Every structure is written in C-alpha cells, then in structure tokens.
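Just one chain is shown here, as structure tokens, and it is the form predicted alone.
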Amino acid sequence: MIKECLENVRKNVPLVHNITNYVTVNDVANVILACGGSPIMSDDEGDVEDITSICGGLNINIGTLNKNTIPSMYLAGKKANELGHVVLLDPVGAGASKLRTDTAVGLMKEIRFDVIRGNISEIKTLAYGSGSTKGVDADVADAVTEDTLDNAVAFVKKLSAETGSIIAVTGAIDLVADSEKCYVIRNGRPEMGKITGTGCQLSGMMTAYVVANQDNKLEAAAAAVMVMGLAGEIGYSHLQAFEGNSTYRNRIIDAIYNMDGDTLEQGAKFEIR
C-alpha cells in the first residue's frame, strides 16, 4: 500500500494550491515537483478561490501570517470544502503567539481539514486552545518519546475522532492517525532540524499524496512522512565531510525526486498501533 501511494502521485500528478509561508515557499514548490506533483502558490484574496478551484488539494500553512493572507486562507478553505477538495492545515508556531493560535483555531472552526500536520506542541495547542512552543519548534517538554508513546498515540486518535481530521505529528518519532489506527514512524535524521522548512515541505508533499490516494488518505499521509524521513536518511548518507545544511536540503529534495516504491518499502520503518 505504501508503495502504491508513492506510485499514484507520480501517475496522477496532483495539482496542489499552497498558501504557505515566504520563508520556505520555494522549497515547498520544489518538493511537490520532486515527489511527482504540481504546485501553485497563490495567497491574494482576489486570486485564491479561482486557483483552488482548479486544484485537487489545498495546503494552508500559517508560518508567516499577515492581515492580507488570513482572509485568503478562509476564502480558499471554504471554496475547497465546497468543491470536495483535500485540505491540509499546517499550524506553524501555534502557541507561540495569540495571532497564530487564534488563527489556527478559527480556521479549524470554519473549515473541514482532511489532515492537520504539525509538531507535538502545535497539535496540543489546537487540542487545548492554548500551549507553548519554542518559536516554531516543539517544546522539549512535549516531545514524543518511547516513554510517552502510548499516551501520545491515544491523544492523536482522540483528537482525530473529535476533529474528523487525520492527525500527523512529526518529530523524532512521527505519528499519523485517524480515530482507530496510528502509524508510528521512525524514519529521519536529527540533522533535518537544522534545515528551515522540512515540516513545511512535508505538508506540501502530504497534500499531494492525499489528493492522489483519496481512497486511502491515512496511508497516503503516513507514506508522505516515510518518504520525507527516508529522504533525510538517504540525503545525509550522501553528504561529504565539508558539506552542511544548505547542501543537505538539496540532497533531501534529490532523494525524494529519485525515490521509487521499492526503495520506500525497503526503507520505511513503521508499526501500526
């Protein structure tokens, strides 16, 4: 199934509308291209409804919120819901400021999201209406570890049942869950945290995966997490001694571009709970 999810993206070339942050917008577009999708970046409220109408999925990322893009997110999200398109929310930095938290919670009230993807602190903020993050990174106190794994799995399943969304929590251990099943994924490298935007890139790619696999949305979301984590491993293995995080970013994108279903099946490290 994981292999099929990857192959369906390559075969169907899903068109994804991204309202994402300007720190990572170029990398998000390149990762969607690398995985086999097609990106459109549009965030003006006069444009977003038309653009999202011609796409199969919408990726909303609140990483660089401003008074111009917030109305665009609501307009695009409601239009995508009206058309039955896939919608993903990436609540970057929810818990770091009142604006981010209020915007993410407000979007969840008015828009139906197929997937909500963030770090554990961001997801807890959405669940409880408030929280704390270390800037746009997870608070160490919230980290999903082997010791806290059972509670974390129960938490994401419960939140999925309450929201009707697939919940994807990414970190050292990744969790992708609906109300009944949770993929526990252990791919990736800690060095991925030294690159700005691997989470943003994943959200764009995950939207493409879910659009291309609408009969298996949970598996598609999990497959996207596995692809990103495995690409982090492959990219790191190709780094030379004198290379750093800038090269590593490119190596990850290249690994996604070159990945096939067999490589993914052989390299994916996951269990289902």
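Only a predicted model underlies this, so the values are computations on that prediction, with no experimental measurement involved. In this text, residue numbers run from 1 along the sequence as written.
Keep in mind the form predicted in complex with another copy of the chain is missing from the figure; the text below concerns it.
Peer 1: Can you say which of 175-183, 119-127, 191-199, 156-164 gets within 4.5 Å of another copy of the chain in the predicted bound form, counting heavy atoms only?
Peer 2: Checking each option against the 4.5 Å cut-off leaves 191-199.
Peer 1: Checking a candidate spot here: are 20, 65 and 251 all in contact with another copy of the chain in the predicted bound form (at least one heavy atom each within 4.5 Å)?
Peer 2: Yes.
Peer 1: Within a 4.5 Å heavy atom cut-off, is residue 12 in contact with another copy of the chain in the predicted bound form?
Peer 2: Contact with another copy of the chain, no.
Peer 1: With the cut-off set at 4.5 Å between non-hydrogen atoms, does residue 27 touch another copy of the chain in the predicted bound form?
Peer 2: Taking the distances in the predicted bound form, the answer for residue 27 is yes, it comes within 4.5 Å of another copy of the chain.
Peer 1: Can you tell me if residue 97 lies within 4.5 angstroms of another copy of the chain in the predicted bound form, counting non-hydrogen atoms only?
Peer 2: Residue 97 belongs to the contact set for another copy of the chain.
Peer 1: Please tell me whether any heavy atom belonging to residue 218 falls inside 4.5 Å of a heavy atom of another copy of the chain, as the geometry stands in the predicted bound form.
Peer 2: No, residue 218 stays farther than 4.5 Å from another copy of the chain in the predicted bound form.
Peer 1: For a quick check, can you give me the residues of 40-63 that have a heavy atom within 4.5 Å of another copy of the chain in the predicted bound form?
Peer 2: The stretch 40-63, when checked against another copy of the chain in the predicted bound form, contributes 41, 42, 43, 44, 45, 46, 47, 50, 51, 54, 63 at the 4.5 Å heavy-atom cut-off.
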